[in-house]
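In the form predicted alone, a lone chain appears below as structure tokens.
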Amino acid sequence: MQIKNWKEALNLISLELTYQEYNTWINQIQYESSDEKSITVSVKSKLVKDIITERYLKIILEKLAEINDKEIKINIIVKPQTERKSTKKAKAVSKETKLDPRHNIFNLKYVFEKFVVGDSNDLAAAAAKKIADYPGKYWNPFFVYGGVGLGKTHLLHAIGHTVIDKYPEKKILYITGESFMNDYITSIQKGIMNSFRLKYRNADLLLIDDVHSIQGKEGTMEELFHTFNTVYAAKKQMVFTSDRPPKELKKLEDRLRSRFEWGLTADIQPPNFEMRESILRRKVQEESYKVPDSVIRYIAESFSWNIRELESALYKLFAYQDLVHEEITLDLAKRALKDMISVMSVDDISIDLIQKKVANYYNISYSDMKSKKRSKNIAFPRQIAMFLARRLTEFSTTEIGNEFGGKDHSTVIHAISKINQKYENDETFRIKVEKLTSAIKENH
């Protein structure tokens, strides 16, 4: 067993105890060591040990068994605090005791202060901060969607950290959609559905990441539907993240989809150049490396898909510099990142993929892309697909036309020109095109 299992068990225990009980007794337990069959923890006095053994041992063992899928023995030892400590150590211990252990459920770097806000995410960021400050008072549920690596999970964790600090008495539960499904299946197998339901329905703040993963899972959707109703009726806050908005989750039950739309839905778009540059500058400030402006611009221009790739490129540059012991220059950056950039090449993006993505986005059939139908609801998406094919591939206009049912190159040129003009002048449309572009690049 690992320490993370112990921390997860603490989180489950916190859901079933009052804040006073948890803070007075459970919070005094310190993790010492563990193996596959047992865990050793310590407390500062025999009195604390006796009270924990008498009142809380049963629930601790239950949650350890639930997390590890088997019975785990627990050894509680008395480890009195040394009276004489250096000033430095005393301060460290003082600081440590003030840190609520539930913070370890979340990524400690995912806080609001480290979330770069720009045009692509300002609504989602502002709403997340408001909800964290006043859970259950404004939008419920809060549904955030966007592509991979754009910051959805960061906001979810930031909400968790803030609520822990501002409302330590609140019971917080964070889980992914897939883990919720696995937990549901395990509860059926073990015959502990009542425990499963109490666990989720008693939460004051329910955070579910990647909720799209439960699509098509009938039993899981049914259970989440009833959990949603109970938590909502109790006016407790719920936050969900997904790769798509509720209306595009085709395999989701209609009644659950409609409930996801009851509150506020906010999307996160790929960051523009200025925002990417701002993110990189903040990351550089957090490290001890000197990175010229030309290098920051080069990375910002080369990695536009999502924030995760942007950060990965920067950290790879740092690792490369540590290996070769050379000053970071534009030439060094190009050498360090050439493999990452080549992987992101558009050479292997197919027109077929573009057609399927655009057709799905505009809710038309794939065959309409190659047909001669001229109705606006079909012709317009087809023109967008032609525009993207020219933008994302090396095919000529003649070759693109052939892939669209034998259209001649002048038809393709007209489509590209028309869409390009709308792209330049219509910001809302430009955001849609960038979203489609990101989806195509992520799946090629």
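One-based numbering along the sequence shown. All values derive from a computational prediction rather than experimental measurement.
One more form of this protein exists, namely the form predicted together with adenosine-5'-diphosphate (ADP); it is left out here, but the text below deals with it.
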Partner-facing stretch of 113 to 121, 69 to 77, 247 to 255, 193 to 201, counted where any non-hydrogen atom is within 4.5 angstroms of adenosine-5'-diphosphate (ADP) in the predicted complex: 113 to 121
Of the options 263, 177, 160, 147, which one has a non-hydrogen atom that comes within 4.5 Å of adenosine-5'-diphosphate (ADP) in the predicted complex? 147
Heavy atom within 4.5 Å of adenosine-5'-diphosphate (ADP) in the predicted complex, from candidates 349, 208, 296, 279, belongs to 279
Any of the heavy atoms of residue 224 lying within 4.5 Å of adenosine-5'-diphosphate (ADP) in the predicted complex? no
Please check if residue 154 has a heavy atom lying within 4.5 Å of any heavy atom of adenosine-5'-diphosphate (ADP) in the predicted complex. yes
Closest heavy atom of residue 357 to adenosine-5'-diphosphate (ADP) in the predicted complex, within 4.5 Å or not? no
Counting only non-hydrogen atoms and a 4.5 angstroms cut-off, does residue 311 reach adenosine-5'-diphosphate (ADP) in the predicted complex? yes
Given adenosine-5'-diphosphate (ADP) in the predicted complex, answer whether the residues 382, 388 and 413 all have a heavy atom inside 4.5 Å of it. no
Could you tell me whether residue 270 and residue 420 have their C-alpha atoms closer or farther apart in the predicted complex than in the shown form, knowing the shift is 3 angstroms or more? closer
